[in-house]
Ligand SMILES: Nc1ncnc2c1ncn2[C@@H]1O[C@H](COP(=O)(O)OP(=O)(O)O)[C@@H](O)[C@H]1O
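As structure tokens, one chain now follows by itself in the form predicted on its own.
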Amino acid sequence: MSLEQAFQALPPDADERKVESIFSKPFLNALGFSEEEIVPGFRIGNWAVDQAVRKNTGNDIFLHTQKDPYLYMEVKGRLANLSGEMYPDYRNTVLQLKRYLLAPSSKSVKWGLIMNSLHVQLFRKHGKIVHPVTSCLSLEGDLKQVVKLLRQHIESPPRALTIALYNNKGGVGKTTTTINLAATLALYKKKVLVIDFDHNQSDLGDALNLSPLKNKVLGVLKGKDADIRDIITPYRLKHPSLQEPLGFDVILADEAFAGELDEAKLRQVLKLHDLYKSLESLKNDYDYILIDSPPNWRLFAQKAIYAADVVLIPARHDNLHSLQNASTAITQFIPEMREKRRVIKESGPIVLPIFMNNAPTNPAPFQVTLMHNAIVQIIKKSKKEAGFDLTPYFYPKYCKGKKNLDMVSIPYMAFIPRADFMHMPAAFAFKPAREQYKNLVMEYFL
């Protein structure tokens, strides 16, 4: 039975069993997997995912060995609404898929699908990050086009995860975090590109003692006779105790965009998607691409968020505006860019839990109370005005019956500002800082 015939054979109210028996295999066959490359009811510890697949290699027949699965598919009945994140069925199915993808026995798995024969969505796993790649795609239109799009992603996975660091408030440590994340990932032998997209400040280049670019970024963004690789600057730390230099690559801010530029004129010259397009050719050269975004919601910040797979939001425990602005970014700004990405059938970035920068090691009880009270009010306001629950973004370990208020944080350390004067990341220069940023990297990414 062809995929189109299988689709037509399904009754309008087909339950999960019928979708599984009639539609699942033709769908996976259309994605390029043969009968011997599909295992239904694949065991993951005490759980079972509906379908697991992997290409056979030589005598290693996945149906027989069931080793090193590559993609999981979780199937639901047609009455389960998988058309968007506002629906409980969708949210529960995504949580279920993430649980499978992040299980200890799923290390080889790179992709996940949710599907009910009416909608399908593709998710990618990069280390500990699971993020949607496509929007929720309807299967009631051109089935062949949907399958073609999914195959393109699955068969040509990009190497890099693109991370934008953003808060619509200055002074929360975006640049410091960007530099030290890059340094720490480099310590784990990851290849990293850092982009200073805050052209007004160009603090990232200053911190590394690198001079800003001059009239070079515009041509790259416009895609005219300019190769993005030509504006990449290597940053390397050489030390006698190191066998080879440690470091990462940098695209520096451009002086041409500094100062008060006319936003309307800029938008006539530049497009929202041009950074996203420019980075496409680099995504197989790096493991991580980090974008240091400006603290506003203007064109360059929007470009950075549009280009990202995930957004990491630093905030300050002692700065109410940084907490409020984090809320605004999550409920308004980032969803706006997700809507823009849906135009090209892709999902925009997901938001990682907010982390507190420069948090006091032993805060006074009144400071802690003030912060938590402020966050409670922000969460209440968001639920009332936007129907958006921010609890997991502030308190990622919070759940019913276990009101865990632990937050992701980097403590205040004099080492971090001191490293600025040395023009190197604190994670390279000082062991205590290095250990803290390693914890951050392990919490989010590795």
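For every residue, the number given is its place in the sequence shown, counted from 1. Owing to the predicted nature of the structure, the values given are computational and were not obtained by experimental measurement.
There is another form of the same protein, the form predicted in complex with the named molecule; it is not shown, and what comes next is about it.
Q: Indicate whether H317 is a 4.5 Å heavy atom neighbour of the named molecule in the predicted bound form.
A: Because no heavy atom of H317 falls inside 4.5 Å of the named molecule in the predicted bound form, the answer is no.
Q: Indicate whether the named molecule has at least one heavy atom within 4.5 Å of a heavy atom of I410 in the predicted bound form.
A: Because a heavy atom of I410 falls inside 4.5 Å of the named molecule in the predicted bound form, the answer is yes.
Q: Applying a 4.5 Å heavy atom distance criterion, does L113 contact the named molecule in the predicted bound form?
A: The answer is no: L113 has no heavy atom within 4.5 Å of the named molecule.
Q: Using heavy atoms and a 4.5 Å limit, would one call G32 a contact residue for the named molecule in the predicted bound form?
A: Because no heavy atom of G32 falls inside 4.5 Å of the named molecule in the predicted bound form, the answer is no.
Q: Which one of V172, A183, L71, V311 is close to the named molecule in the predicted bound form, taking close to mean a heavy atom within 4.5 Å?
A: It is V172 that has a heavy atom within 4.5 Å of the partner.
Q: Could you check which residue among S322, T162, Q121, N357 gets a heavy atom within 4.5 Å of the named molecule in the predicted bound form?
A: Checked against the cut-off, the match is N357.
Q: Spot the stretch among 394-402, 22-30, 54-62, 413-421 with residues whose non-hydrogen atoms come within 4.5 Å of the named molecule in the predicted bound form.
A: Residues of 413-421 come within 4.5 Å of the partner.
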